[in-house]
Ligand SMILES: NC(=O)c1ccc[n+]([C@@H]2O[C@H](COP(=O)([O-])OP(=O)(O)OC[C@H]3O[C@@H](n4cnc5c(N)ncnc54)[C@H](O)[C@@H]3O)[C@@H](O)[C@H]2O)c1
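The chain below stands alone, shown as structure tokens; this is the form predicted alone.
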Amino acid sequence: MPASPIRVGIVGLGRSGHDIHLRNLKHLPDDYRVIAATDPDAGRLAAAAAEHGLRAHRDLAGLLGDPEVELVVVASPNGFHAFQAERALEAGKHVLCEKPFGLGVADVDRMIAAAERNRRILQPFQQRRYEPDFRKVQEVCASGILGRIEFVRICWHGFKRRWDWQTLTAVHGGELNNNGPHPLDHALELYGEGEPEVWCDTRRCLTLGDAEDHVKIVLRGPSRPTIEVELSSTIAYGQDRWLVCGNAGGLRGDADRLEWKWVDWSAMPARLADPASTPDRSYNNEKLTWQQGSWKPEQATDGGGGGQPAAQPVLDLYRGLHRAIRQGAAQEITPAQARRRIAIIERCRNSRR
């Protein structure tokens, strides 16, 4: 007999809670049923309750006291995530926490401790790990056809002004918290094990708030690729989302297309460094035999921040969470992995003080 759907309560019915979590969970009726929500906007809460048949709780305490709620989705503004997640875990609920997964490693450590103490699952919402283009980039890099990966550039580019709460430092807005966790997650997966050296530059360019809307982060370390992450709202001529450089070839492209080419060095003439002068003062030159590959997604996706995230990665993350809660499967994206990302964001934030 199949297990009953996991009963969900959502904290916050804004762009994330309503448009990403509530709407997408409707596509997984055998796995999840959203039964309750809370939001400080009474009108928004009442409208969602009427439309979706939810129990409307006046505050977090009411939702956490609901005995039918098994999983709490924390989708409130950035500064509340860690506190609300910890309270939900202490109330005996499993928790999915939106990004940022806390404002610093101390927040993450408290959440992890609460999850372990109460034997509950704490799930970071890093759904972009499941994006088809990222998975294809991982596959091509792991195949070895590009050789040793030396440099990776990840770009989330746009040109726009914002003036909502996510542009204000007083409520922990800015690109580091709002979108930074996603490309950083990709970057660290491609970087591999070990703690990288971190260089970061943040600027306020077009935003009408006081938080950063341009971020450049560089990760590097011994025997690891140098990885550059750039999130910016001030780039009128956006570049490819992906640029991967290996010592046998490279890859470039976006969420809707990727292409790569490589040289099979074993099929090329052997060469050795030669200190002698080249004939007729020429430069070394050889004809390269390129092999090529390309990819397009089977379904529509999105290319970065600023728009409605595609449904498929969200649903894939929730399917994995269902297996973890109902079947005891290992989490595919762990709190410890998210902690590593938050540690870099915290270092970037501290470096500008």
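Everything quoted here is computed from the prediction, not taken from an experiment. Each residue number is its position in the shown sequence, starting from 1.
Keep in mind that the form predicted in complex with this ligand is missing from the display, and what follows is about it.
This chain appears without its partner; in the model of the complex, the one residue of 232, 167, 202, 78 with a heavy atom within 4.5 Å of this ligand is 78. Between 24-32, 41-49, 286-294, 323-331, the stretch whose residues reach within 4.5 angstroms of this ligand in the model of the complex through a non-hydrogen atom is 41-49. Annotated contacts: 138, 189 and 226 are all free of this ligand in the model of the complex [non-hydrogen atom within 4.5 angstroms].
Within this chain, residue 127 lines the site of this ligand in the model of the complex, having a heavy atom no more than 4.5 Å away.
Under a 4.5 angstroms non-hydrogen atom cutoff, this ligand in the model of the complex has residue 309 among its neighbouring residues. Contact annotation for residue 13: at least one heavy atom lies within 4.5 Å of this ligand in the model of the complex. None of the heavy atoms of residue 344 is located within 4.5 Å of this ligand in the model of the complex. Along 246-275, no residue reaches a heavy atom to within 4.5 Å of this ligand in the model of the complex.
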